[in-house]
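In the form predicted alone, a lone chain appears below as structure tokens.
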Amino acid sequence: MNFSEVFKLSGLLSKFSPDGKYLASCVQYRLAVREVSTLQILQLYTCLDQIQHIEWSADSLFILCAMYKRGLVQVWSLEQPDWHCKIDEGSAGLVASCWSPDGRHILNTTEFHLRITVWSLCTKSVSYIKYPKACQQGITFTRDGRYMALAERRDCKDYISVFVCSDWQLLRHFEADTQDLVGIEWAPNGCVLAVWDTCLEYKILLYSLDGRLLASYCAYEWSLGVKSVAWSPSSQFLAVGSYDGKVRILNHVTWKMITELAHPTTINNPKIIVYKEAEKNPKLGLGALPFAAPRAAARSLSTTETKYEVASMPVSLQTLKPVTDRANPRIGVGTMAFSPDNYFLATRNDNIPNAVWIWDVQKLRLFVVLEQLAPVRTFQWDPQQTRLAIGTGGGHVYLWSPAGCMSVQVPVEGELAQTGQLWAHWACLILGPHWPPTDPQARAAQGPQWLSDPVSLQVISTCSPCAGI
């Protein structure tokens, strides 16, 4: 496994292009585009203000830079470096900006979600869509890029509008049977739209492309309901993560539940493999890390080499007692992701924060549990093979595949507290704050950049020798 040098970064703004050939990163108002194969800077662009959001077009030819504070969007071209586009929303303001699937239209959401403005880069035409709802996931496109579904709020009711992306004409408009819609998402095949209600009411609605209600699912009542939703890549399954700590799998034929995946605190099935992270050279006198560890404790863990050990049954997982008298309690299945080959489902139960659960989708049973020393912050599947990257906010990256798992220490001077990963075709990007070296001489040698921009990124090449993992 090969590591690049550490690059400076602002606001964790770094993204691979969809074709995996380029890497864009921001440092305040500058945008640098690198070739992934060499990490050499290909283009360097200067924006009018500090960049707050970047996004590649689907064909990897254009990149969007949004400056929300000034209501500006600038677009840059990789093929024609001298060409650029500036979109100014003026007094309407700007809170969100994204590409359409064709990579030639930009959708800007104004302040207070008064409207969505559709800007065409080809014809310079402008279209307006009123009443977009401010919710967790209010816009979704089909995989083929033909249709867009938009959640709307009118007269204290939720509506769904389906638009044709080629000309932005309204195809369907219908009322959603929800109290306070939270999110919508198309199935990968683009035939079914999943709609879920507020966590105060357990409700999943499935609509066809023409607006017909195909099914409605409710697991229980009078308790906190849906927390996360994920489609399988084949569109055969819809996974629903709930606040009761269970994942319910719905099938695409009858839209009934076919299985219920629980997250017990004690595992005693010998067919389940439990990997536990452990220090290679544990220090004497150190107790178990608390969940809300101070930053200094997290830093000390990042400099310690760790390994995975296969635990003997039964295994008791560390749990977190939630504070139930506050909003958004840390309970329930908050993160889920299917592997691209549709074989596995990775989940995290928020009140068992140190564990990642990996389920066998074909057999609909628990396959592997990985328990970390620190709470899991993020995980993401490799798009090219069955491999999962896990981050805990420390100086390690963890990789799992059906062949096994490994803990890799990130070789940086100082301490890298990773907060996310992004996969390209053969590389993994680590994002996170880069704390200064603890050695005063090393800190002095690095200069004052730690105070001005303490965020960094690092690229990991995973071609060899760890292709099996």
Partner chain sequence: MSPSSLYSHHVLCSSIPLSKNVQSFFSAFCTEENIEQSISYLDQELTAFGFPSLYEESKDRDAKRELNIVAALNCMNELLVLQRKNLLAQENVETQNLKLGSDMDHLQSCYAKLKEQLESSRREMIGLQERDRQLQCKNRNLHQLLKNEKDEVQKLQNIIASRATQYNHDMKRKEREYNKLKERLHQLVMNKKDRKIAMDVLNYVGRADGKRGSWRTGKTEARNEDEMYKILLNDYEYRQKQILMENAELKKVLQQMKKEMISLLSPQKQKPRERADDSTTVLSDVEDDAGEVSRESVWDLSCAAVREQLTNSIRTQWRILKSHVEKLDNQVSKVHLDGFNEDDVISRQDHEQETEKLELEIQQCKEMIKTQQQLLQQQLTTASDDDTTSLLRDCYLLEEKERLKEEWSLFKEQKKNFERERRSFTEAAIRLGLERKAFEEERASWLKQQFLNMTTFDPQNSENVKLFSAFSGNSDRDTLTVHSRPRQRQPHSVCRRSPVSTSKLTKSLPTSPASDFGQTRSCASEHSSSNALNITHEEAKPNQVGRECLSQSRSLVPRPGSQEGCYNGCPLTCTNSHVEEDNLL
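Residue numbers count along the first chain shown, from 1. Every value quoted in this text rests on a predicted model; they were computed, and no experiment measured them.
Below, we refer to the form predicted together with its partner chain, which is not included among the displayed structures.
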Can you pick the one in Asp177, Glu305, Asp88, Asp360 that has a heavy atom within 4.5 Å of its partner chain in the predicted complex? Asp88
Taking its partner chain in the predicted complex as the reference, which of Gln137, Thr259, Ser208, Gln318 has a non-hydrogen atom within 4.5 Å? Ser208
Its partner chain isn't shown here, but in the predicted complex, which of 340 to 348, 200 to 208, 361 to 369, 267 to 275 has heavy atoms within 4.5 Å of it? 200 to 208
Are all three of Ala92, His113 and Leu171 close to its partner chain in the predicted complex, meaning a heavy atom of each within 4.5 Å? yes
Though only this chain appears here, would Leu250 touch its partner chain in the predicted complex if you measure heavy atom gaps against 4.5 Å? no
Close approach of Tyr131 to its partner chain in the predicted complex, 4.5 Å, heavy atom: yes
Evaluate Val164 for contact with its partner chain in the predicted complex, applying a 4.5 angstroms cut-off between non-hydrogen atoms, and reply yes or no. yes
Is there a heavy atom of Cys191 no more than 4.5 Å from a heavy atom of its partner chain in the predicted complex? yes
Taking its partner chain in the predicted complex, which residues of 115 to 139 have any heavy atom within 4.5 Å of it? Arg115, Trp119, Ser120, Leu121, Cys122, Thr123, Lys124, Ser127, Lys130, Tyr131, Pro132
